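Shown next are two forms of a single protein chain, provided one at a time as structure tokens under the names structure 1 and structure 2.
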Structure 1
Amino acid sequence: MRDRSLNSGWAFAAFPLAVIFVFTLLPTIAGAGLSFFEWSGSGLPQFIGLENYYAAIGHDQQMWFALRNTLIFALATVPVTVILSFILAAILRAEWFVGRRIAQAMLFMPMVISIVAIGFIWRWVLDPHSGLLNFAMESVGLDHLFSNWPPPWLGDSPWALGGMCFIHVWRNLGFGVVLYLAALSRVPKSQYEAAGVDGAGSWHATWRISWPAVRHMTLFLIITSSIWSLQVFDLVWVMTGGAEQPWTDVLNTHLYREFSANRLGYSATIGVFILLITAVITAMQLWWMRQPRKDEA
């Protein structure tokens, strides 16, 4: 179409892009710059070169705990979320599944609910003395397996980290299921028909045809859920209050504490670490998925 002006697009896009520029791009650049300074928020920032980075790597025990927990969190939640949502989508797509529309909607429910409400619910379920979980375990006799019953599910222990991984998967499963359902519905029927002629069962069809066919969706989901996991904050905050503990701290809660204590430069440094880890992991995943496959040759 012929435009009256070469730049008519900017008239429409200028304001929205300005909002993103002013509130996202500029603050990112400034934030990355701030990581080389010491600043309490008032007065002038003081340039200290790489001091913040040395401190983060060399002198901050809590940073290592937070980094370890964040990586464990991502490694535990991403593969489980992706594979489980694929399997669920493959089943929920089948016509023989009774009530699939309802099941699809219900699986998505936790995603639309405020994390604060989710935190309340799960803190209550996991409460050592009045919680639903311990009640259920006691009533089937599982409590005898523990030497010190009740275990502090949400105290400072690996249990708490594991519990948060579980809740994270539980909450985000529906997202993957919906996206996989859409991707699966776009796989051309001819691909299945070819397999059907061969007398392939649905197990075969699922893993040999569907799974490779939705590879791009898998990549998209791995990247988005990695980002969500590496940047987790709300869940940890509502479950533990963001306390400085070896087993429940993640990079983001550590960063928030530094920010609240007016150590803005150091807080920005942790932010840069999160940015770098996210970028490296995303790049690795993209590179890995771009490798040529036999079926694409």
Structure 2
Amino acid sequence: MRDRSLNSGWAFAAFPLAVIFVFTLLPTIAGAGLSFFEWSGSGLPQFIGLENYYAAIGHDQQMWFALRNTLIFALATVPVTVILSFILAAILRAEWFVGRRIAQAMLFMPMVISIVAIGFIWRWVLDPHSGLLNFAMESVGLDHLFSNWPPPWLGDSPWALGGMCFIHVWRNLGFGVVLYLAALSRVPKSQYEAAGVDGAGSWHATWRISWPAVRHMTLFLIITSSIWSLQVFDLVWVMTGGAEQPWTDVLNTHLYREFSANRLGYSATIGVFILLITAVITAMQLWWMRQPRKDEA
């Protein structure tokens, strides 16, 4: 009976595993192998060993700019997304909150909109000459706070990178809120009632009961948000028009630019760097989240 159940399980998992093998594992292995070759897409690939890695680490300054921006992007967006998602979910779960369904729909709506459409809309909002943001700031006199007006919201500056971080958080916030709402719905109400009897306020109950109860959902959200942040491409490409700028380039835009120039082996090398960074950060998060808490020690 046990063998039959095991075989049934493998039968159900066979198709998804085949899809993952064909469309994820095989391309990953092929890309890693291609990074040791020089190939323009025509003719036979030429084996060059680690030369692509030497070139990327020692001579490609733009890749270091892209790596810096990618890490800043991830470090700025992941914690904010996770913390804000939990806070908003806790607020939406409160009994005093009115219009819960409408608020959930509004928060989740950016997730169902094309990222290209979102990029074009925000590009119009942040346009330094005719954008809605600058018009609104000039209307209330906030333009005097800047020494150089208008700020380069879409140019080669930290402002542009910060703006893209904000848009990324805004778009993915609804996803985290929905996950936390699902996790919080499984927390027994008796725990909050017991905390209330003991004199705990809403903040104390949220911190001591709700937050530990969604620990595993937090891990899932941190990992998925990290992967999305490290692999960001379309938003940056649409917002900047694909311009090669030290403060707006990320690893995937740099990879795409090298791929478009038919430097396939070198672009595969950048892809390997992205894979390694993602794997290391994910492993660190898994290790950290599996450490025993003080109340479990």
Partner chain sequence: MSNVWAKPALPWRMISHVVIYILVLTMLVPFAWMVVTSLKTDTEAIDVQQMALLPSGPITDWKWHNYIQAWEDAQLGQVYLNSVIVAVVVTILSVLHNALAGFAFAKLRMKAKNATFICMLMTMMLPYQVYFIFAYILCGWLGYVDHLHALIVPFLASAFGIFYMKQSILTVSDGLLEAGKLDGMTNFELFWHVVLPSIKPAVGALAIFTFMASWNNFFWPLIVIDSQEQFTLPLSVAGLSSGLYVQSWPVQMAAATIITIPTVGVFLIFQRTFMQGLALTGVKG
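Each residue is numbered by where it sits in the sequence of structure 1, with counting from 1. None of these values were measured; they are calculated from a predicted model. Rigid core (definition): largest C-alpha set, two forms, superposition within 1.5 Å.
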item	value
Pair member which, unlike the other, is the form predicted alone	2
Residue shift check between structures 1 and 2, rigid core fit, A279 Cα at least 2 Å	no
Angstrom displacement of the CA atom of A14 between structures 1 and 2, core fixed	5.7
Distance the CA of F23 travels between structures 1 and 2 [rigid core superposed, Å]	2.9
